[in-house]
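Below you'll find only one chain, the form predicted on its own, shown as structure tokens.
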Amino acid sequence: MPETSTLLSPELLAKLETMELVSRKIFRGRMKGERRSPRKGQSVEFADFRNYVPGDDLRFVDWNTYARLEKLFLKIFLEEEDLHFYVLIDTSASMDFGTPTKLHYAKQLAAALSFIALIRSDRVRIETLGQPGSQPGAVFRGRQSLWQMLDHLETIEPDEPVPLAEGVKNFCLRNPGKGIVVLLTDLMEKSGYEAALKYLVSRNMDVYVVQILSAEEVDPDVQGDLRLVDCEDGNTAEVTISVPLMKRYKQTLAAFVDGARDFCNRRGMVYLLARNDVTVEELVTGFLRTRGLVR
């Protein structure tokens, strides 16, 4: 394996090795994986006994117990279950801002969470908001897919503007299955983010919304007379930076963040604010572990 990666360092990979993704909901997988399911199946790990019922498979009768008690009991085993893990990345022009850019930070976070899923044999699908409606994203499974997954993330670049609601709707239409979905976005959509997030709620997925903002957006270091240009639609505005204006800007941003958090919490989604000056390692091993996505 290469010693370095622009998205994941060897040190972070070592820490991620011991983690796993946690779903707050129970989803039925299609293949056997390395995740213990609350459902009882026919894997190799014993769970319990139950009384024999005519028609049960005689291969799972405990004949030693029958020899002692002359009663038929069936062995029940814990079933290992795989998980669908989806990453949906906002690739709008506003994500191409900051140092590192919000998009690069999103790709780093996607890489870290996807690696955790891969080592547990969960199915990982990575998509972008600008992806064509009928074109599903790449699917990865197993540790051997790590570098293929990283190469795929490296190719992701800012796309043409796609409304947040349209991008999320297309994602939901392409992916009817259930599982964990992590939306990585700055939520900066002039028409609002509410409709987009409602689409995710309607899919009955385990939804995590990670709003990524740059330090330059949270605490901008600007002054004087400026001509601001919207990077997505080209609209311009002439402003004079003053102390009252900067105070009003920060109040507006705080209200925007609080509104998004409240909107998500009231609908059963987990919201997390991520700043690009907080390392992905801190975010995953600290905040996301606290919020229950990883353990």
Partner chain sequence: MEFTLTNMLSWWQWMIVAAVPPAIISLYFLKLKRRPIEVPSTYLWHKSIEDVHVNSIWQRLRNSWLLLLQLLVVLLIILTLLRPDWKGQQLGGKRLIFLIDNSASMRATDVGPSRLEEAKRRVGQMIERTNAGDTAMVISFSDAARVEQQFTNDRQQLQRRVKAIRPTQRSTSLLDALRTASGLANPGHVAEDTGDLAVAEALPAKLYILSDGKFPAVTGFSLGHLTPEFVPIGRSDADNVAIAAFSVRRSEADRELYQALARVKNYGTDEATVMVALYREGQTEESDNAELTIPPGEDRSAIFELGAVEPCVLRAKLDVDDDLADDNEACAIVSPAQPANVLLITAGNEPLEMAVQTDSVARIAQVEIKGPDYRQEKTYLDNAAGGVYDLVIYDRCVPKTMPQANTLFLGVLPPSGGWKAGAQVAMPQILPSPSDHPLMRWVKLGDVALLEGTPLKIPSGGSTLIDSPNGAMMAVAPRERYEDVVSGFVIVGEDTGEDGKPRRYIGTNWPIRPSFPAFIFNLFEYLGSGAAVTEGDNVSPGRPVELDAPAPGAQLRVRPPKGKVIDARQVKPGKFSFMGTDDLGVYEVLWKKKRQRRFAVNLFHSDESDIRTDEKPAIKIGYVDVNASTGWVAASRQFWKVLLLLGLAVLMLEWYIYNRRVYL
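If you're wondering where the values come from, they're calculated on a predicted model, not measured in any experiment. Residue numbers count along the first chain shown, from 1.
Here the subject shifts to the form predicted in complex with its partner chain, a form of this protein not shown in this document.
Chemist: Using a 4.5 Å heavy atom cut-off, indicate which stretch of 159-167, 197-205, 95-103, 110-118 touches its partner chain in the model of the complex.
Modeler: Of the options given, it is 95-103.
Chemist: Sort through Arg143, Lys190, Lys75, Lys71 and report the residue having a heavy atom within 4.5 Å of its partner chain in the model of the complex.
Modeler: By the 4.5 Å criterion, the partner-contacting residue is Lys190.
Chemist: Could you spot which one of Ala215, Leu173, Val222, Val139 gets a heavy atom to within 4.5 Å of its partner chain in the model of the complex?
Modeler: Of Ala215, Leu173, Val222, Val139, the residue with a heavy atom within 4.5 Å of its partner chain in the model of the complex is Val222.
Chemist: Answer yes if any heavy atom of Val61 is within 4.5 Å of a heavy atom of its partner chain in the model of the complex; otherwise answer no.
Modeler: Val61: no contact with its partner chain in the model of the complex.
Chemist: Should Asp262 be counted as a contact of its partner chain in the model of the complex, where contact means heavy atoms within 4.5 Å?
Modeler: Taking the distances in the model of the complex, the answer for Asp262 is no, it never comes within 4.5 Å of its partner chain.
Chemist: Can you check whether Arg227 is within 4.5 Å of its partner chain in the model of the complex, heavy atom basis?
Modeler: Contact check for Arg227: yes, within 4.5 Å of its partner chain in the model of the complex.
Chemist: Decide whether Val270 counts as a contact residue for its partner chain in the model of the complex under a heavy atom distance cut-off of 4.5 Å.
Modeler: The answer is no: Val270 has no heavy atom within 4.5 Å of its partner chain.
Chemist: Heavy atoms within 4.5 Å of its partner chain in the model of the complex is the criterion; list the residues of 239-270 that meet it.
Modeler: In sequence order, Val239, Thr240, Ile241, Ser242, Val243, Pro244, Leu245, Met246, Arg248, Tyr249, Thr252, Leu253, Phe256 come within 4.5 Å of the partner.
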